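Alright, two takes on the same chain below, each alone as C-alpha cells: structure 1 and structure 2.
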Structure 1
C-alpha cells in the first residue's frame, strides 16, 4: 500500500451569504483518488482546480464531505502520522519578529529534538538550502525566497518519510527552484515519498516520477511521466544528410514507421544526424485538458 492513499475525496464549500439566506454551494473536489509511493509525485493543475483544497483535506485542516485518506496506513486524523510528515503550505509565512533559529528551535521543540543535537542539525538544514549565516537575523529581514527556503528546510527537521509541499517552487528564482528540486531528488534517493503540487510544468516534467493532472476537482490523468510521454508520442523527427551533400533534411514519421524508414534511409545512403521524439509536452497536455473541460462546462 502507498505511503499516502487518497480515496474518492469529495468536498463542497458552502458560502453562507449574509443572514444565512441563499446558501451557495460550490463543489471543489469531485471524487479525487490517487496513491503515492516512495517517489516524487507531482500534482498539477490550473489555478482553482482544487490542489490546495486536496492538500488541506490531506492535512486534516478541512474535513471532506466523503472519502478516505490514509497516511502510512493510518487515517489522517491520527495525530501520530504527523510525526513522520513534513508539510509546506502555499505561500508560507512565519512571524517576522523572530529569528530563523528561533523558528527552527520551535520545530525542534515540537519533535523533542535534544538541545545538543540542534546546532549540528540546524547547520545541516541551512546548508542544504543555502541559508548558512542568516539564522540569527529576524525573519522580517529575509527575502520572500529566503523565507520559503527556510520553511522548506524546517519541514525536514524530523527526517520525514512523506513530504507534502503546496507549490514549493512558486515565488522562487531559478537558483532557489534548483535547490528545492535537488533536495527533493535526494530525498527520493533515500527512499522517501514527496507529494507536491505545482503549476510550473517544466519542473514537474523534469522532476516527477509520476504526475496527476487535476482540472476542476477531477483527476484527468494519472500516470508515470515516462508513460505519459510515450502515450502522447505522435512520431519522430529525423534529421538526415545525403552522403556528399552539405545540406540537412528533416523528415517526420509516425511511431510505427520509424524502423522501416531508418532501414530505407540507410540503404539509400543517408547519414542520420538525429532522431527526436515528436510529442506533446506536459504543458500542452494540461492545456488541452483545460480546454476540453471548458468546452464541456
Structure 2
C-alpha cells in the first residue's frame, strides 16, 4: 500500500445561480484514484482541473462527496497522521512584520519541538534553502522567492515522511527552483514521499518519478516519466557528418527504421554524432488532453 492512497474521490460544489433562485452544481472531482509511494509524484493539469481541490480533500480541509483517502494506512481525518505530514498551500498567508526565525518558532510550537533542538534544526533548514543569515530580518524585507523558500523550509520542521506541496515552485527564479528540486530529491533518497502540483511542466518532467495528469476532474494519464517518454516517442533525430567534412546534417527517422538507417549511414561513410529521441514533451501531452477534452465538451 502506498504512503498516500486516493480511491474513487468525488467532489461537487454548489453555488447560487446568477438570479439566486436555485443552486448550481459543479462536479470538480469525478472519481479520481492514485497512490503515492516513497517517490516524487507530480500532479499536473490546467487551471480548474481539480488539483487544489484534491489537495484540500487530502488534507481534510474539504470533505468529499464520496471516496477514500488513506495516509500511512489510516484515514486522512485521523489526527495522528498530521504529525508526520508537511504541507505547503498554494497561497499561504504570512505576517511580514515577524522575522524568519520567529515564523519557524511558531511552526515549531505547533509540532511541540523542544527549544533545545530548535537552533540546530533552524540552522539546517535555513542552509537547505539558502537563507542563512537573514533569519533575524523581517519577512517584509524578503523577496517573493525568499518567502517561498522559507515556507518550504517550514514544511520540513517536523521531519515528515510525506510532503503535500501545492505549487512549491511558485515565485521562484531558476536558482530557487533548483534549490527546492535538490531538497525534494534529497528527501526521496531518505525514503520520504513527495506529492506536489505545479504549472512548471519542465520541472515536473525532470524531477518526478511518476506523474498524474488531471483534466476536468478526471485522471487522464498516470505513469512513470520513463514510460511516458517511451509511449509518446515519435522517432529519433540523428546528427551526422560525412567523413572529411566539417558540416553537420540532421535527419529524422521513425522508431522502426532507426537501426536500418544507422547501418546505411555507416556504410556510406557518415560519422554518427548523436541520436536523440523525438517525442512529445510532457507539456505537449498535457495540451493534447486539454484540447481533446474541449472537443468532447
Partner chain sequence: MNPFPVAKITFKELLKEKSFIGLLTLEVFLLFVSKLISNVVAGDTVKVAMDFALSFFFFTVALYSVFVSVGSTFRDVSDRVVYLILSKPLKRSDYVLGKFLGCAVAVAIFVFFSFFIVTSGILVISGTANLYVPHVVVVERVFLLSLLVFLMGVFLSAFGVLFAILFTSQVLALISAIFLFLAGLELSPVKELVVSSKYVSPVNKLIVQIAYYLFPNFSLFDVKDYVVHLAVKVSPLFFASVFIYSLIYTSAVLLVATYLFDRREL
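Numbering follows the first chain given and starts at 1. In this text, the rigid core denotes the largest set of C-alpha atoms whose superposition between the two forms falls within 1.5 Å. If you're wondering where the values come from, they're calculated on a predicted model, not measured in any experiment.
> Of structures 1 and 2, select the one representing the form predicted together with the partner chain.
If we ask which form is the one predicted together with the partner chain, the answer is structure 1.
> Tell me, please, whether between structures 1 and 2 the C-alpha of residue 259 is shifted by 2 Å or more, with the rigid core used for superposition.
Yes.
> Please say whether, between structures 1 and 2, the C-alpha of residue 240 moves by 2 Å or more once the core is aligned.
Indeed, residue 240 is displaced by 2 Å or more.
> For a quick test of reading the superposition: does residue 190 move by 2 Å or more at the CA between structures 1 and 2, rigid core aligned?
Residue 190: C-alpha displaced by less than 2 Å between structures 1 and 2.
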